[in-house]
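One chain follows as structure tokens, the form predicted on its own.
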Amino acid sequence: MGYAPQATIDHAALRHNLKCARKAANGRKIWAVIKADGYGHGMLRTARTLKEADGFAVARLDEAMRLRGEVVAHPILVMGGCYTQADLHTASIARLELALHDVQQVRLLQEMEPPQQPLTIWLKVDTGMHRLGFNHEAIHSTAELLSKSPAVAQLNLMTHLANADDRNDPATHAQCELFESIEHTRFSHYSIANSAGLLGWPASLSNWVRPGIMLYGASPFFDTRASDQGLLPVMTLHSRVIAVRHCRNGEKVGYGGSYICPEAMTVAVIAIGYGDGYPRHAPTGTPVLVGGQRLPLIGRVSMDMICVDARVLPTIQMGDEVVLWGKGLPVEEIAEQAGTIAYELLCGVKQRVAFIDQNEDEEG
């Protein structure tokens, strides 16, 4: 409505990125990770477009139940697992697969009355992340306990990579080697690779992979852009110019007057701010695109507005469309300027931003 910010979701780009993941997986099965509301893109809309994935992975039970409530027939993996008996029964009825990472979760399964639908469990081993998971020394005894539980239909093994975004860091090789050293006879399936593992670490390609950020068209590596991996941006965040000001030399712009005009200059005001999810700490110089021309942010980001230096675009006028990130302006670049990562920007787009679906049909 009006000149409010919008986020265009390109479903053709989403399908393209899944094809890239499928090619890199080289025959392995794919969990499409759609947690955190599809990394800010909308969980249900991304699930519908990523229907060629072999399964969907989410972080929490409520996310999984929303998916199942939409009659999603795919396997669904809850990577955080369950923490109460009631949640275990809910997961069983909904035919969810569960990650298990803590001894208390083992006890819950042991105490569970035999469900009509026994659970597929992904036992999580800590190979170096030191966040969630069992020490590798405890895997055998834990697997033995779970194999005796009537609540467990199948045992699988997984881990999570801590440093895979840096292809020069030897920690990933060490994690993969530790994972492979575990006796696998008790387990049916295995999963190591996230997006970075899938694209950069062949040793992490076990029979299930878990691409996340790459599906949305952002690079999983700290030193590259999505285009370097052949990926396409799925979200383009855009808004419009709502005012064009002609400021004098020495005039201060925005809260705190942190930007002082070095000469008489044109300043454009754009309808976007931290209230919409644009990063408040984006510094002066952070680019936006207007008519294909890069214009630098000046002064502080406000709740509803930003200002940009429009001296190089004398034809700028109210109503001109502005791209904040997406097609033509990588989200990774804006994240670098703001001292954060693309994940946070994509996940941080607020509800008051209108979402527009593009190319939903297969031929799009």
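What you see is a predicted model, and the numbers here were worked out from it, not measured in a lab. Each residue number is its position in the shown sequence, starting from 1.
Keep in mind that the form predicted together with a small molecule is not shown, yet the notes after this line are about it.
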item	value
Contact check for Tyr39, Lys124 and Asn194 against the small molecule in the predicted complex, heavy atom at 4.5 Å	yes
Contact of Lys35 with the small molecule in the predicted complex (heavy atom, 4.5 Å)	yes
Interface membership of Tyr343, the small molecule in the predicted complex, 4.5 Å heavy atom rule	yes
Partner proximity in the predicted complex: Pro233 to the small molecule, non-hydrogen atom cutoff 4.5 Å	no
Exercise: Pro211 in contact with the small molecule in the predicted complex, heavy atom 4.5 Å	yes
Contact assignment for the small molecule in the predicted complex, among Lys252, His281, Arg245, Arg131, heavy atom within 4.5 Å	Arg131
Residue among Leu205, Met79, Leu88, Leu146 with a heavy atom within 4.5 Å of the small molecule in the predicted complex	Met79
Candidate stretches 61 to 69, 27 to 35, 40 to 48, 296 to 304, one within 4.5 Å of the small molecule in the predicted complex by heavy atom	27 to 35
